[in-house]
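Here you get one chain, nothing else, as structure tokens; it is the form predicted on its own.
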Amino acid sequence: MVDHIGTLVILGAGGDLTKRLLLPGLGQLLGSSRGYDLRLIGVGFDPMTDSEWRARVIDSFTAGGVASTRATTVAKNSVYLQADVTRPADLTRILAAAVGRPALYFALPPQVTIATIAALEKVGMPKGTVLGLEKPFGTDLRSAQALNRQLAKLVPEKHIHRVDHFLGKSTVLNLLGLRFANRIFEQVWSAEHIERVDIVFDETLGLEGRAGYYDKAGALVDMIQSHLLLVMALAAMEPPSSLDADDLRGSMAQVLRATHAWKRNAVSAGRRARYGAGTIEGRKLPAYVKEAGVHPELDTETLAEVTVGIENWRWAGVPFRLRSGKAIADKRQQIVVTFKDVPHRPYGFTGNPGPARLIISLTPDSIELDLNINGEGDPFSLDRVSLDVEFAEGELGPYGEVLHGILSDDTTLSVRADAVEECWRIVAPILSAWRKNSVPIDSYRAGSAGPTAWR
């Protein structure tokens, strides 16, 4: 029987992450078939009464469409503690208020998280304590390694949950079933049959007030270094022996260890761009450099494209293109597997729709398989048709899945320490080339498909 967590402690309870994502996800989990009883403690630097905190919890649960009896009970019994989480004395007081095994969720800015982890080393941690941490996991390879060493002093790796909500998306999880429960795909899932793989996460949103973090990170660190490399690892990994956390995460880490900038050329493997003023869906966006809080001298990119190669037997010679951009005309969040064309078409066929493609859409959740068949009218004319299916929605959304993993202490959907370090190792030479301006920063109009030259 799983030893569930007795208390969820949210550090940074007054922040936007807690209100917009964590509490709705928790409410959804509590109202699901996987819900269970627990105590909720909110911790923040600013003053707030218990009644004000409870009202905030109930509002967030309601906003998430949750009205279960269990969720209501948890909200009414929740308490708020005002504290400085970088002070050992305050952390001791917080842990003393917990019942049973505590889970500490760090909904904090990165630097505050690091200071809190250092302070926790001076505090006696209750047996079985679980830690949940939001990205970024460090700012480069060296800081990620230092952070992992510090965490290992507090609790074992099996109790550390590095949260990547992408791994809780139902479509990403469905990658496992698609690949390993369908012989038709696994047999052709290699360099012998696949020409290239594109993993794209373009969004119509601009900066949306996130300059404090985003201007120091950019699209490469914000999206590719973490989310998209992990999605790639799921798509490219060898079949694990089981879906146990150790087997699944071990297979993902193995892929990442074999991954490098395409042809090991950090300059030619990536390109970057930044949006200018434009209009998207009737909204006028200023140029990125004119957004509040942006420092133009940082040359922060809002569109990044990186091509990597996986240097192993299965994938040698197949380019994996990872792309993410803001203020793009069309929201496009998908994995596109392009198969190699047939080696020969019998003489007499007309038309050439190109090679078949498998498109796995992350939003909305669906799969589309493009096939070439004889067209209408002329039986020797080839046309493209698509077979598509929409995934049924999972019982839980991404943060519901993430919190379920933390509260049941199941690390299957969390990021292991070595995977974090490998992701930083992969992008490090590309980041270095960009910071040296060895790669120019292009521009594109907000509301366009990206730089004209890229098309």
Ligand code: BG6
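When you see a residue number, it is the position in the sequence shown, counting from 1. As the structure is a prediction and not an experimental result, all values here were calculated from the model.
The same protein also has a form predicted together with the named molecule, omitted here; what follows describes it.
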Original post:
Which listed residue (F106, W189, F166, F320) meets the criterion of a heavy atom within 4.5 Å of the named molecule in the predicted complex?
Top reply: F166
Original post:
Only one of K135, R101, H159, R272 has a non-hydrogen atom within 4.5 angstroms of the named molecule in the predicted complex; which is it?
Top reply: K135
**OP:** Flag W315 as yes or no: does it have a non-hydrogen atom within 4.5 angstroms of any non-hydrogen atom of the named molecule in the predicted complex?
**Re:** no
Subject >> is_contact(R249, the named molecule) in the predicted complex, heavy atom dist at most 4.5 Å >> reply: no
Original post:
Using heavy atoms and a 4.5 Å limit, would one call Y80 a contact residue for the named molecule in the predicted complex?
Top reply: no
Original post:
Does A261 make contact with the named molecule in the predicted complex, using a 4.5 Å heavy atom cut-off?
Top reply: no
Subject >> Which of 223 to 231, 176 to 184, 274 to 282, 301 to 309 lines the interface with the named molecule in the predicted complex (heavy atom within 4.5 Å) >> reply: 223 to 231
**OP:** State yes only if every one of Y288, R445 and W454 has a non-hydrogen atom within 4.5 Å of the named molecule in the predicted complex; otherwise state no.
**Re:** no
**OP:** Would you give me the residues of 316 to 338 that have any heavy atom within 4.5 Å of the named molecule in the predicted complex, in order from first to last?
**Re:** K326
